[in-house]
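Shown next as structure tokens: one chain only, the form predicted alone.
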């Protein structure tokens, strides 16, 4: 999708602080972190949100989650833990129309989030 900021980041057209990249996924630090560790994991293929996924996306979704937890561990959250968040559509707080997992850690996170 031409006007999607995350597609632009994954394609290298928009600068980011990249953590990981392969043929299917891209991970980068959040531009406005809400915790000492705050990064995003996205599919390179444009998927608007989780509600748009089907059975054909099962392997990709699993890969996104595994890479998110591996990266959280690599960035020091293995012992203390991390929060994995997928906001879906604007009513749930999704501000960029491209599926993404927020991973937050490095401090105590309260519930419910405020």
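As the structure is a computational prediction, the values presented were derived from the model and not from experiment. Numbering follows the first chain given and starts at 1.
Another form, the form predicted together with a small molecule, is not on view; read the next lines as being about it.
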Is there any non-hydrogen atom of residue 34 lying within 4.5 Å of the small molecule in the model of the complex? yes
Spell out, yes or no, whether the shortest heavy atom distance between residue 5 and the small molecule in the model of the complex is within 4.5 Å. yes
Please tell me whether any heavy atom belonging to residue 103 falls inside 4.5 Å of a heavy atom of the small molecule, as the geometry stands in the model of the complex. no
Within 4.5 Å, heavy atoms only: does residue 84 come near the small molecule in the model of the complex? no
